Ligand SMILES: Nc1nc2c(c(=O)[nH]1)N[C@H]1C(S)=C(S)[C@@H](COP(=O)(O)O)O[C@H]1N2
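Encoded as structure tokens, the following chain is the form predicted alone, with no partner shown.
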């Protein structure tokens, strides 16, 4: 049985509406593609600022202001039982670790002010109250592991060595002995209760590829801020140089 002729006008109108909507959708899609490509070309024509294209760096700086503004030192990163820590800890880079190191001659140089540097042995640091932490170490490359670390809380270290004036400054800077790797840390994150000057991994001395004899563990940051093999510590009200920020990454690097 054939359809009645009365349905044909309605079907024709319906088809015309569909064609019109499809045409408009393609026009909108094309316009968005043109705007997106033009924006992409414009961004890539902009000058560099601190290792990144200027619009990207402005966006990263804005994100830093937002995240630092809501940072809460009382908010702790989730901790896990030791049994959940991995035995084979992933190595996230060897920058600053190329040279050999001797524990007997190694010193942590703490620059309190120009011409005033405190030099400490690993044993000096081990005399302070120890803290262990098992947390989910996050790398900016996208992987994470539950890992077990031990050392002295940085806040405890600074209190013990009467670095009260320095703790009121805006930033902490850390540099490897060979100056091959360096980071800048905002002071609130540095003084977070879970931030450690770390000398143990899985209950044993740090392996060379994990920063022996002393590294930073700062759970509120991504791995690029966990500097291995600390040589020098200093304090500043201006942002210290930062290895990965100079290469276009986020300076704050919090999560």
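Residue numbers count along the first chain shown, from 1. Just so you know, these numbers come straight off a predicted model, no measurement behind them.
The protein also exists as the form predicted together with the ligand; that form is not presented, and the subsequent description refers to it.
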Tell me whether 181, 215 and 224, taken together, all sit within 4.5 Å of the ligand in the predicted bound form, counting heavy atoms only.
yes
Is residue 156 close enough to the ligand in the predicted bound form to count, meaning some heavy atom within 4.5 Å?
no
Please check if residue 90 has a heavy atom lying within 4.5 Å of any heavy atom of the ligand in the predicted bound form.
yes
Against the ligand in the predicted bound form, would residue 202 count as a contact residue? Criterion: heavy atoms within 4.5 Å.
no
Could you confirm whether residue 135 comes within 4.5 Å of the ligand in the predicted bound form, counting heavy atoms only?
no
In the predicted bound form, the one of 76, 169, 128, 139 near the ligand [non-hydrogen atom within 4.5 angstroms]:
139
Could you work out which of 110, 146, 97, 163 is the residue within 4.5 angstroms of the ligand in the predicted bound form, going by heavy atoms?
97
